[in-house]
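Shown next as structure tokens: one chain only, the form predicted on its own.
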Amino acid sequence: MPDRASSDPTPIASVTGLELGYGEHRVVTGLEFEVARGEIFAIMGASGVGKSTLLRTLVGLAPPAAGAVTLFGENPYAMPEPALFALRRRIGVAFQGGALLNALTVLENVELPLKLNTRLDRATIRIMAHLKLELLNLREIDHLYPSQLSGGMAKRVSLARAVVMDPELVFFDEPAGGLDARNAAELDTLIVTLRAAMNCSFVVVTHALDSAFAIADRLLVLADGRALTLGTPSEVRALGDERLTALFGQTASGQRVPRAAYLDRLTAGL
């Protein structure tokens, strides 16, 4: 497998002067950032700040109100359909709810992108699907249907389907959403493992600060329609902004904890 991270210095994704919204209403304004090849890039913020809207725009599904988006150095909103189709084959998307097809088994769900987008023979498709299921510790449940899966398993199957075509860039919407701490941590580990095994990049949308600190090389935090901060976990920790505490500094019981103690707990071992 070629070393994608070093063979091309062009950012795998970037946005310039990005504004998101509908009509005169703007959800997000003035966004500027790049995602490097081989990077795990986390997009964070409280509910309703535009994380999912930004994700749809990055994937090429929702044109921005203003500004520019590039994937692999090209604008997906200024490409003819055949070129856009080819570009989309270089990315994978794991949706927040899994979006698995209930009538298909786990194996059939993972095989589906290969059946729809390649001319590979059935045996090759089966082998490629089995490889990704093995990577995500799902090989023993490939005969089950989505209704038989736990929330953690469903998210892992969705991720297996997203990476089955060996994409260069993977988008994952709320990997920790709806999971307990143990399953969320296991999924975090699998994301890091996949990045190393496949030499790909990840853009992860999450509201879980502990998860983002555990896996991300850099974090973009959205608040009040703008970028509150962009940096490494250590840089975000050093920022000490009161708004970070306001956004994320609550325990499960709703009790606020001191900002320094909260960030120290989340970044222990970094």
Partner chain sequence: MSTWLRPLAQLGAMGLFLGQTLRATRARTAWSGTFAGLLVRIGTRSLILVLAAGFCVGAMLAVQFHDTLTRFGSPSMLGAAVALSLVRELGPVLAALLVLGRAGSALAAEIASMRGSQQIDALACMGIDPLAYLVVPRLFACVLSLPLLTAVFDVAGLAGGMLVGGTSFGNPVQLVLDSAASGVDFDDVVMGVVKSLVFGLLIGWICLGRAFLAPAVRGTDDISRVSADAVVIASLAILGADYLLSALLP
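Please read all numbers here as calculations on a predicted model, not as lab measurements. Positions refer to the first chain, counted from 1.
Unshown form predicted in complex with the partner chain; subsequent notes refer to it.
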Among Ala99, Leu131, Ala181, Leu144, which has any heavy atom within 4.5 Å of the partner chain in the predicted bound form?
Ala99
One residue of Val192, Ala185, Met79, Leu104 in contact with the partner chain, assessed in the predicted bound form (non-hydrogen atom, 4.5 angstroms)
Leu104
With the partner left out here, if you bring back the partner chain in the predicted bound form, are Ile91, Leu116 and Arg119 all within 4.5 Å of it by some heavy atom?
yes
Using a 4.5 Å heavy atom cut-off, which stretch among 51-59, 31-39, 222-230, 205-213 contacts the partner chain in the predicted bound form?
51-59
Is Lys155 close to the partner chain in the predicted bound form, meaning a heavy atom pair under 4.5 Å apart or at it?
no
Check Ala197 for me: does it contact the partner chain in the predicted bound form (non-hydrogen atoms, 4.5 angstroms)?
no
Contact with the partner chain in the predicted bound form for Phe72, defined as at least one heavy atom pair within 4.5 Å: yes or no?
no
Could you run down 202-228 and flag each residue that has a heavy atom within 4.5 Å of the partner chain in the predicted bound form?
none
